[in-house]
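Consider the single chain below, provided in structure tokens and representing the form predicted alone.
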Amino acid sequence: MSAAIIGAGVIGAGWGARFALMGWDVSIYDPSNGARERFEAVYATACESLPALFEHTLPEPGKITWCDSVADTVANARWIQESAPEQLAIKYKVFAEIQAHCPEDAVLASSTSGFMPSELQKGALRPEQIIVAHPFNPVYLLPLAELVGDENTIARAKPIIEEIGMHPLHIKQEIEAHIADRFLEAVWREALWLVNDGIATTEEIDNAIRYGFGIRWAQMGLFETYRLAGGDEGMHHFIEQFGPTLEFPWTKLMDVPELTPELIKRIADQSDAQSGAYSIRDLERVRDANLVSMIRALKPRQYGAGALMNKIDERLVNSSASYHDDQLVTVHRTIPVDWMDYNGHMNESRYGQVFSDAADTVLRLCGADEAYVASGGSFFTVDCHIQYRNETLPGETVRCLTVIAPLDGKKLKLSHEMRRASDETVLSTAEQLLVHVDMSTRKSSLPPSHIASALTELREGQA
């Protein structure tokens, strides 16, 4: 699978990083000075953050190739992402060159934040091939991609977007700035007026968002948030109660303050005072760590972006056992930043999480999975001894190797060894004892023969 990236600025580089980290080969063309260095910085940051969203390792990264021409870049691409400057004249020229050399069945997607497909398609060799796939920065973390354009092309684009871990939002009717940017533009206009009129500073406006409605929107969106605000009577009551306020002259949505040199300087000075002590790279790292932690927090609740990450984890989990050094590999993952404690390494409670996940892998492989628990049987951990051998740091990839002892009646004993994947350093070990339980009585019981046989087969496979 091959993706072509035309334009490797912030957005194009984010697309390239996501495709590569999800296992696609990526070809890149960007003739501007410093393009490769900028991409490598984005890719390095993505390597630290994207894998940390998941409980399993991502596919082996794809090969990244820099090309000297558009023709070479798109020659064998299944997906082509155009991220050129937001000028139609430039995009027309780029599309013409792409379509002269790319496969006719490739998806040709534009990252444009404002132009409609009908505008982009003017004069094109194959208009229907060009669609909008508008992402959000950082593309390698935020999973939304707004898709607008030809129905047949979008039908081919959707599964690709899902394959690289994103949510394809199909906008059925084209409109300037699509959906999300129209919200952003409305908030941006109001914010400019608040600064222009001396009502609030840039920091105060940001605080209003990040301490208030921004948190609600991140997990529940706009309408579901207001549905709750209506109480037991829901959305109907909310609109009846608060709808009349829309007639008040609160907003200046249709006007924009004149961006005079004085206003621009005021905004820039306030922004510098707010966060100018940090470099852009510092802020990107903070942003990414926060996004990873927030998205991961939604996973147990099966809500918002967390639910989407869970679907990808289901796809990533191995359906059969793999072995390393004659031992069963039960965990292979990146350590996320939200597992870090005040000492800068993994909190000791998370070692228990790793070994619990390792035991769950053994149980899943022998048939004692969620369906088995629902049918009335399970294994409970009754004892676990953990030794901490070396520091485990956020961003490291670890592998847990498990040895299964012979089943002793109701008792299942597992020995785990967690290693750093890069150099096989042993980070921690654990001895875990589990007992089979009849869930109807919540008392210990002998496991059925098919579970016992599967455990024996797994144990013999490690010898």
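Residue indices: 1-based, along the sequence shown. Because the structure is a prediction, the values reported are computed rather than measured.
We do not show the form predicted in complex with a small molecule, though everything after this point is about it.
Thinking of 29, 32 and 112 as one candidate spot, does the small molecule come within 4.5 Å of a heavy atom in every one of them in the predicted complex?
Contact check passed for all of 29, 32 and 112.
So if I measure heavy atom distances to the small molecule in the predicted complex, which of the stretches 386-394, 112-120, 260-268, 339-347 falls within 4.5 Å?
The contacting stretch is 112-120.
Looking at 83, 129, 330, 334, which has any heavy atom no more than 4.5 Å from the small molecule in the predicted complex?
Contact residue from the list: 83.
Just one of 90, 273, 283, 307 has a heavy atom within 4.5 Å of the small molecule in the predicted complex. Which one?
Only one option qualifies, and that one is 90.
With the partner left out here, check for me: in the predicted complex, does some heavy atom of residue 143 sit within 4.5 Å of the small molecule?
No - in the predicted complex, heavy atoms of residue 143 and the small molecule never come within 4.5 Å of each other.
Residue 4: touches the small molecule in the predicted complex, heavy atom cutoff 4.5 angstroms:
No.
Spell out, yes or no, whether the shortest heavy atom distance between residue 322 and the small molecule in the predicted complex is within 4.5 Å.
Result no; residue 322 lies far from the small molecule in the predicted complex.
Taking the shortest heavy atom distance, is residue 165 within 4.5 Å of the small molecule in the predicted complex?
Residue 165: no, not in contact with the small molecule in the predicted complex.
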